[in-house]
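Given next, in structure tokens, is a single chain: the form predicted alone.
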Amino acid sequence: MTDVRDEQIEALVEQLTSGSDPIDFDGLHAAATEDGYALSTPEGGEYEGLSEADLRAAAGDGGVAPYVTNWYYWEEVVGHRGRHRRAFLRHAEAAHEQTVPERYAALEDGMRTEWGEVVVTATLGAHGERRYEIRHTDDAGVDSGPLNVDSDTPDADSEALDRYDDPLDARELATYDDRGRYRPLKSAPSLVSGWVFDDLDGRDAVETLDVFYPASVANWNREREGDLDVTHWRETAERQTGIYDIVEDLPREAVEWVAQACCVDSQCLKRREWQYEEGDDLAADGGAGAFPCREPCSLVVAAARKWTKLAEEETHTYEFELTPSEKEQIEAIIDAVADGRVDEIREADVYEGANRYRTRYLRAKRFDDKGNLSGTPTHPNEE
């Protein structure tokens, strides 16, 4: 049962008596006619020729009240300023797919939207108000602790989540990973867990998301509206200046390797939409993220600068003394480093090629006192 506040009914009456357009929103139809007020909803039936007193009474009926509170929330509380915010909040409760009664029933249990490594849960408050909770996807089902008034001194002994209510607190949470290392790429899958923003209004919920994943809501909505402005690799490379202007020389096949190295789901939670250039798509998988990547980021450009310089080197033929197992071990080491699995390999697991002790054994056996593999110098002519 949804109760309608007097303030909400007053807003409805004001809308109809102010000379504004009739109301036609999410199944609620209301208008001022020559014969009085007309009001209808799918579940509440149709009313015509209502006096203002009758209109006020009808607005509180069971089949009408949810539509009135729903209209008030979207038109008076959320409003139309900030179209990206409004679009995301509508998306968070499947407003374009479900009727108002269906949504209200689902919101009672909470409607969840995954966004990168966080999940946004929309719930129904009193009088149709919406509240939003944001937490790490790894923290599903974990209880919330007391509100973390001083975010610098979280309760380290508590197993409950640290609670926050200020979107700006997300800055600190997004800055370092769980090993205390700086996160230069906010969309990397390395966001720490153990926190919750558990009682946000719509504005603060979207602002919090924008701190965790800058511009993600706006770009998601621009894409949804068919208005995402994508800047492809060639255009990005051509506009670089200074020490970065050399990335324009990176061969096309190397751009494929850049995308494979940096722009897959295991490294970045955005979905790559930029290609080599318009009409020339990269073969590398663009990922399955909820929000798009509209242009090569600064991290990709910086990496491409290094690889452009490396690509200028001529290849050499080297001859090494390795056993078959040692060759496979080197390949396993490269795979483990590239996939970020080095920390997962246990010290006792010497069957794993990238095991630390096994790698140290290989170095002791195959490196000379100058650090050359199998005693083969990198630049023989300079020895």
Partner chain sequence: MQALVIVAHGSHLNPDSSAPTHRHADTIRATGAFDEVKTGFWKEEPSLREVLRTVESDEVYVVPLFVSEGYFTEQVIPRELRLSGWDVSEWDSDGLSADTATLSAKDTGQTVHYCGPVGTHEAMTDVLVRRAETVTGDPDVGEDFGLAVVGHGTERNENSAKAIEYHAERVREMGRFDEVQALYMDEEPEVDDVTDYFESEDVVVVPLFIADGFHTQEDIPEDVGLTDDYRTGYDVPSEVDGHRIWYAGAVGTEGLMADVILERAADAGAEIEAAIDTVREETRDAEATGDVALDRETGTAGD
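Here the structure is a predicted model, which is why all the values come from computation and not from measurement. Positions refer to the first chain, counted from 1.
Quick note: we don't show the form predicted together with its partner chain, though the next part is all about it.
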Triplet 186, 218 and 229 all within 4.5 Å of its partner chain in the predicted bound form via a heavy atom: yes
Taking heavy atoms only, is residue 214 within 4.5 angstroms of its partner chain in the predicted bound form? yes
Does at least one non-hydrogen atom of residue 257 fall within 4.5 angstroms of its partner chain in the predicted bound form? no
Does its partner chain get within 4.5 angstroms of any non-hydrogen atom of residue 171 in the predicted bound form? yes
In the predicted bound form, residue 307 touching its partner chain (heavy atom, 4.5 Å): no
In the predicted bound form, which of the listed residues (288, 283, 105, 302) lies with a heavy atom within 4.5 Å of its partner chain? 302
Looking at 91, 294, 112, 127, which has any heavy atom no more than 4.5 Å from its partner chain in the predicted bound form? 294
Note: its partner chain not shown here; in the predicted bound form, the stretch from 115-123, 136-144, 271-279, 176-184 having heavy atoms within 4.5 Å of it is 176-184
Even though the chain is shown alone, can you say which residues of 193-217 have a heavy atom within 4.5 Å of its partner chain in the predicted bound form? 203, 207, 210, 214, 215
